[in-house]
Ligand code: AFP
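Below sits a lone chain in structure tokens, taken as the form predicted on its own.
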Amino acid sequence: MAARKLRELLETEDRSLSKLVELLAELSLRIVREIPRTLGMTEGMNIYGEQQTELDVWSNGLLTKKLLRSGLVRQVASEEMETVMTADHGEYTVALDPLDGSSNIKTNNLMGTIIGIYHDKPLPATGRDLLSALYFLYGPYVEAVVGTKSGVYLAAPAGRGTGASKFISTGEPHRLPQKGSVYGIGGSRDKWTPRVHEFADTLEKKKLKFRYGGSFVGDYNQVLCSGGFFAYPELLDAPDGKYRLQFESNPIGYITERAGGKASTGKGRILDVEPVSISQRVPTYLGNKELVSEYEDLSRTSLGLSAER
């Protein structure tokens, strides 16, 4: 199939959505250009007590201001802000992680931007109400991964023109490979629960290769492209894991399902979790259906044994 502009693919879904994704694609290229110029740390902390880099603050300001001024977006929630920002007009609401993996800046490793798009839904919202989800991976090249109701499309700024018009896709929906070859699990190993340790051993026996770099989009993208399993699990000292439902788990869970995979909390579908707050965290397990289901079965067995005791 001949290469197609990302804009053309999305216009078949919704012209307004196409304009919004086009704006986000253009802003992703601005973030990439800014990375080598803004490498310091601020004295600030985000709402989770994590030190913010200058690029965190800059990216958050760029995205929220441009989205709210676009006329397309009525509401924006960001991992970097305590409150949901609103505009007078717009048919979409957006949840975003402006710079996932920003701790990798100093070592020049993978980072990205994660976005969930809802049509006229107040935030926080359930993942099953997502209209679209996407992320931009800032690696050796910029990659846009866009999930819509018709599938997941991969695109790169390899075309002619400027800004978003440069993003080119094969036009074919991407599917997770049937047989997985890689896995990654976040958190300190000494904080993993016994069932997470047991499942990691199972994956090793299946000859899956361990890959983990500390950027959700970077680590997940390997699973999306090669097949396998990725998790930031429940931990002994953090039973809800690390990832925030609105900004990370829902958007990537949506993409996983549209690519033929499964997204789970270990007990059920991520996209069915009813949100209780904008900052809610959930254990997150993503990848090939059979692997995620295998972990769920192990989790249920472990819970059953605990109940018997």
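Just so we're clear, the structure is a prediction, and the values are computed from it rather than from any experiment. Start at 1 with the first residue shown and count on from there.
Beyond the structure shown, there is the form predicted in complex with the named molecule, which is absent from this document and is the topic of what follows.
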TL;DR on 169 to 177, 101 to 109, 68 to 76, 150 to 158: the one with heavy atoms within 4.5 Å of the named molecule in the model of the complex is 101 to 109
Note which of 90, 227, 186, 124 lies within 4.5 Å of the named molecule in the model of the complex, where distance is taken over heavy atoms; exactly one does. 186
Can you pick the one in 163, 239, 139, 214 that has a heavy atom within 4.5 Å of the named molecule in the model of the complex? 214
With the cut-off set at 4.5 Å between non-hydrogen atoms, does residue 199 touch the named molecule in the model of the complex? no
So, in the model of the complex, is residue 243 in contact with the named molecule at a 4.5 angstroms heavy atom limit? yes
Please run the contact check for residue 135 against the named molecule in the model of the complex: heavy atoms, 4.5 angstroms, yes or no? no
